[in-house]
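Read on for two forms of one protein chain; each stands alone as structure tokens, with the labels structure 1 and structure 2.
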Structure 1
């Protein structure tokens, strides 16, 4: 009989504690961001998709060494370059990222010794089409610099 009343008291006590927390939080200010109208500033450590880094002239720093493509465990990076007449190094002609298979591991950024890749702070990538996630990073860099 004593255990019956102790269980009832224990249940009522936990109910009152829960209601007390609810009552206290009801009057505290909301921390929710009204998303379409307000956006959060992404922290420095946020990992979005990768993006190319441009030099002073607006050209990508990439020298087409293929280290990022070899380091990628997902195989989501494909790039191409050509050596132009009279140039000492290759020039990037294509840099495609298939974001549908990217695992955001960062191996490509770590393996790049020429400061050509970084993580973007872009996080709103909602779409229903797969084609929207196959990103031409060279074209995107040219659009951002113009």
Structure 2
């Protein structure tokens, strides 16, 4: 008889505890990020596709040493540069990333000795066409600068 009533009371109490928890949750702020309207800030070490780093004048830091191209296991980086008249360093003319084969391993970023490559925070990359993933990083840098 005692256990009959104690069971009822302990059961009721546990129900009240549950109600208390949801009551607290009701008044806590929502954790949803309403994606198309607001976006999360990507964490520091997020790996999007690579991008070029520019100096203060907006020119790429890259000196076309080709280390990244050589380091890439999938061969998805192709870049070219030329030496202007009277200049010591080479200047980057094109930098194409084939993102379809990139596995985001980061060997290119690791191999760069001139602080010219980094991971971007770009993740909105959905497309129906393959060509959209052949990314011209030099053009992208110029567009970002303007």
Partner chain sequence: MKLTLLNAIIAVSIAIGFAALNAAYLVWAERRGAGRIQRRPGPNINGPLGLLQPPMDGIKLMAKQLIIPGGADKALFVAAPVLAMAPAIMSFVTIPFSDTIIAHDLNIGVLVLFAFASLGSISLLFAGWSSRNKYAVMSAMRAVSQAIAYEIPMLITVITVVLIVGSMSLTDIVLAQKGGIWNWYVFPFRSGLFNPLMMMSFLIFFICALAETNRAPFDLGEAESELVAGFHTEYGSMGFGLFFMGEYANIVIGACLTTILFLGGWDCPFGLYPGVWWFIIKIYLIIATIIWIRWTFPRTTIYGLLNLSWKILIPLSLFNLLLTAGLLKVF
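Numbering follows the first chain given and starts at 1. Note that the rigid core is defined as the largest set of C-alphas that superpose within 1.5 Å between two forms. A quick note: this is a predicted structure, and the numbers were derived from the prediction, not measured.
Chemist: Between the pair I just shared, point out the form predicted on its own.
Modeler: Structure 1, not 2.
Chemist: Among 34, 90, 121, 73, which is located at the hinge of the rigid-part motion between the two structures?
Modeler: Evaluating 34, 90, 121, 73 against the hinge definition gives 34.
Chemist: Measure the rotation of the smaller rigid part relative to the larger between the two structures and give it in whole degrees.
Modeler: After superposing the larger part, the smaller part appears rotated by 32 degrees.
Chemist: Superpose on the rigid core and then read off how far the CA of residue 19 has moved between the two structures, in Å.
Modeler: With the rigid core fitted, the alpha carbon of residue 19 is displaced 14.6 Å between the two structures.
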